[in-house]
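Two forms of the same protein chain are encoded below as structure tokens; each is given separately, as structure 1 and structure 2.
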Structure 1
């Protein structure tokens, strides 16, 4: 008896999705993102010097930023693996370098191919349907990029106006805006299911405990690692709950 091992069928459009020309076309976009990061870092360092921050303070802030980015970076990496399997490596690399939200990119791609009666993962998706998915992802993310580009320069004036010249209110307004932003993103996750609720609750609790210890013991490095650690622990707890008990609602 001859055993024939069945091989996974690779959709035809993936030849285009992973083509050399598509890789080359995404390089300029990612290069602009890297250039922006380099310019921002240089300006932040020079402005920090101008306002009197020492090299040790600047290095500490830089280290804290790098450590705090580990958790979100891992989440983006996991999302990129899912995106690579559906839209190919070049587009996944470009889109998550610019936006970094697989929660938006996958539904946008699904919306694009669905206009032709397909669903992501179908083996017979046409090149036209794939191109529509890429356009849906790109144009769909343009809105908040334009708002950021044209609205950011006016944000400081708005913040100063809200403070009405009272310097003591400025940091309070900034902290309230940050808390509001985090709360906006978390409220949708908390109600999504048991793993999400457990992940958010665990991450918040770990963050509070680590900051309390850092304040009581005056441990600077613990403050720097607190956010990244809380994210990682929350992520692991969420995965463990998903694997073991699933969701209860």
Structure 2
């Protein structure tokens, strides 16, 4: 029958992942984000006038916020493709509207399914492994929320305590942690085959080139589009390698 043949190779858990119930379950938390934005916005607008900001300044700030958000949000949308492909529409939408970014959510999901020996993109991922990915993203994301919820009032003191000497180390430790983690992620991909390796290398190379151009010519939009472009080109190279040379290991 036609409908059996047209069944996609999408893993079975995708029915659950794209179900109405999951869409519904994402509504409350996304509402909190919008609610907070509305509360803060109202108060900032009225207190802004109090402290001497003009209507024009407030409007210009608002307008710039809207305009500047459109480009990056579309770029996030392209990045969301990878997340939709692996965890479904609702969870992808929620994770990228609340807390997350593609750079956190993908690895967090990968760490979830890897508990069962799977890797994102495997077609036989079980519903349990998928649920582990959801838990992994959710619990992993709470760290930022808790620190910002209870740490923000103390941030100023903490910053000063860290002192000058260690101030310089903060960005270095952050970048080193990121490099170590992504080195681990990408070596796992390199181990899976030639097309994956080509995709890793291309993604990195395109990113380097685009960021270099953006820096030299001061092109902000290029920075916003760099990751989206790098992943699309990396994808194309991966496919090209798959259909031409296949894999060597």
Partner chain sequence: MSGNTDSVDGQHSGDGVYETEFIPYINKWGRRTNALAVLLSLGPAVALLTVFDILPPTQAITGAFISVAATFGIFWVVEPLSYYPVLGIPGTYMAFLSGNISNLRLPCAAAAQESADVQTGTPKGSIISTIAIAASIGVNTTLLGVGAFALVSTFQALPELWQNALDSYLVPAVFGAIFAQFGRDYPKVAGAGFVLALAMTMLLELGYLGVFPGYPLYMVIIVSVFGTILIARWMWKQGMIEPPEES
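Positions refer to the first chain, counted from 1. What you are looking at is a predicted structure, and each value in this text was computed from that prediction instead of being measured. We call the rigid core the largest set of C-alpha positions that still match within 1.5 Å between the two forms.
*Asks:* Only one of these is the form predicted together with its partner chain, so let me know which.
*Replies:* Here the form predicted together with its partner chain corresponds to structure 2.
*Asks:* For residue 45, decide whether the Cα shift between structures 1 and 2 is 2 Å or greater, given a superposition on the rigid core.
*Replies:* Comparing the forms between structures 1 and 2, which are aligned on their rigid core, residue 45 does not shift its C-alpha by 2 Å or more.
*Asks:* If we fit on the core, is the Cα of residue 17 displaced 2 Å or more between structures 1 and 2?
*Replies:* No, the C-alpha position differs by under 2 Å between structures 1 and 2.
*Asks:* So, superposing on the core, is the move of residue 194 at the CA at least 2 angstroms between structures 1 and 2?
*Replies:* Superposed on the core, residue 194 moves its C-alpha 2 Å or more between structures 1 and 2.
*Asks:* Please report, in Å, how much the Cα atom of residue 209 moves between structures 1 and 2 when the rigid core is superposed.
*Replies:* Displacement of the alpha carbon, after core fit: 19.4 Å.
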